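Listed next as structure tokens is one chain, alone, in the form predicted alone.
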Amino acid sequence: MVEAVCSVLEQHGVDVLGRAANGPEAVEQIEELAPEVALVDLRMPGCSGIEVARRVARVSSATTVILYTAVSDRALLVEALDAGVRGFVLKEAPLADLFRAVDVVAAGGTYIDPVLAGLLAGARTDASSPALTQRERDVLRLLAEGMSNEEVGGRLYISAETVRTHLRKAMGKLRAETRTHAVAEALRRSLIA
């Protein structure tokens, strides 16, 4: 798949600087090669495309990320936007859309596959869902993975007390009685994935 996509991009005049088989390799190549645009899969071995985007944002402000995905999950797309992703292309879309996305993002714009645009617009305008901060969503997402407050703090480089503060605020916004209830509400409302 990687070779086919690279071949199509090269046929359209895009210089392909590197190829990676997994998330950590992608981050390493992006750091080393500093491309204008990095096209990454949402689901990769080692770490997700969203995590790649987060790491890239920390180390290479010159590189923008496009997610190439078969997933049309609202919570994941919102999380990707918050991580700095500037383009979304569905794998089922014509390959010409992929080239168009690279072109638009390289020019400083944002490209969203038309199929995903409705999901993202709904995610941003849904008044029935509380507005959790990115950090509150990060805490709830890690708690959903079964981590303790201390483990969440270690992953996010914050204290366990700060984790508890974010959790309390999220619980209030979600009108949840317990941390488990807060995680369940966030998952049910597609605020986290």
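Between two forms, the rigid core is the largest collection of C-alphas that superpose within 1.5 Å. Note that residue numbering follows the sequence shown and begins at 1. All values derive from a computational prediction rather than experimental measurement.
One more form of this protein exists, namely the form predicted together with the DNA; it is left out here, but the text below deals with it.
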property: Distance check, residue 166 to the DNA in the predicted complex, heavy atom within 4.5 Å; result: yes
property: Heavy atom of residue 34 within 4.5 Å of the DNA in the predicted complex; result: no
property: 4.5 Å heavy atom contact, residue 145 and the DNA in the predicted complex; result: no
property: Residue contact check: residue 158 to the DNA in the predicted complex, 4.5 Å heavy atom; result: yes
property: All of 22, 29 and 64 within 4.5 Å of the DNA in the predicted complex, heavy atom check; result: no
property: Residue 36: Cα shift of 2 Å or greater between this form and the one not shown (core-aligned); result: no
property: Threshold 2 Å Cα movement between this form and the one not shown for residue 10, core superposed; result: no
property: Core-aligned CA displacement of residue 26 at least 2 Å between this form and the one not shown; result: no
